[in-house]
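Only one chain comes next, encoded as structure tokens, the form predicted on its own.
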């Protein structure tokens, strides 16, 4: 790793530590990281939308026309209609003409809903219903090789899916009091829902923890070890400047922590005086 690459690595480490510092409280380091990420992400996605959206879907489709004729002489002038609708959305920033933006917004929401509803019905409703209609494999009821609850193709797993889905649906049936056997099935439906929510939440937490571990490994493997040249293979480009950059960043965070501690002691003394 050369010194230029180490500077970019140090910037990434600084932003990582700055983001983690929010665990203490909102502070200047976190604000720098937050504003930088927001600005870079906005600029990045703006360029992506321009080159992957407007250029191929509008300009390239009208390239056989002339801009000074507003591309009306193009072989596909109908593509000017969505372009005009897109321009109409910008009237949202005008108090006088903001009502114009309602027309393209209504078309956009209507088309998006029309496209999304069948997709969501297929992915979240139909496929879930199909999973409860699978024929039970009585020959492999307890799983291959004996009693195996982890075998998702076993007849027992298929029965549990069916019973769990029906119980969860019965819990949301409020036209009958949840008493007796019906209430017991509804209670089992609550357990099924809680297991599902817990598994989903646990998966989300583990994904975030894996990201956290990845950042810690990045700081240790790519920054600290290169700063002190403790990597397995010695760095021929290493110099004392690597450590200097490392300690400059660490002094910033340590100095801020000391300042916060001194300010805290002053507040305590002023309150007890």
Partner chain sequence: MKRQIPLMLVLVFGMFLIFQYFIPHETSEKAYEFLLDWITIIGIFAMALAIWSLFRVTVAKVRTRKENWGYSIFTLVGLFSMMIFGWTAPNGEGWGWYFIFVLSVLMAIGMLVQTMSVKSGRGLWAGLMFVFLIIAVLIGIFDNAWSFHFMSAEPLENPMFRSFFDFVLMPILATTFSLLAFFIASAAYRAFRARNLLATLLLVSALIVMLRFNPYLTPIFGDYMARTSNWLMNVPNLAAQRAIVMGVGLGIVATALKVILGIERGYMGKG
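Rigid core here is just the name for the largest C-alpha set that superposes within 1.5 Å across the two forms. Positions refer to the first chain, counted from 1. Source: prediction; values computed, not measured.
If you look for the form predicted together with its partner chain, you will not find it shown, but the lines that follow are about it.
Checked against its partner chain in the predicted complex, the residues 224, 231, 69, 209 give one hit for a heavy atom within 4.5 Å, which is 209. Shown alone here, residue 102 lies within 4.5 Å of its partner chain in the predicted complex, counting heavy atoms only. Using a 4.5 Å cutoff between non-hydrogen atoms, residue 8 counts as a contact of its partner chain in the predicted complex.
Using a 4.5 angstroms limit between non-hydrogen atoms, residue 262 is distant from its partner chain in the predicted complex. Its partner chain in the predicted complex is approached by residue 196, whose closest heavy atom lies within 4.5 angstroms of it. Residues 78, 79, 81, 82, 83, 85, 86, 87, 89, 90, 92, 93 are the members of 71 to 96 with a non-hydrogen atom no more than 4.5 angstroms from its partner chain in the predicted complex. The two forms, fitted on the rigid core, differ between the shown form and the other one by 2 Å or more at the CA of residue 173.
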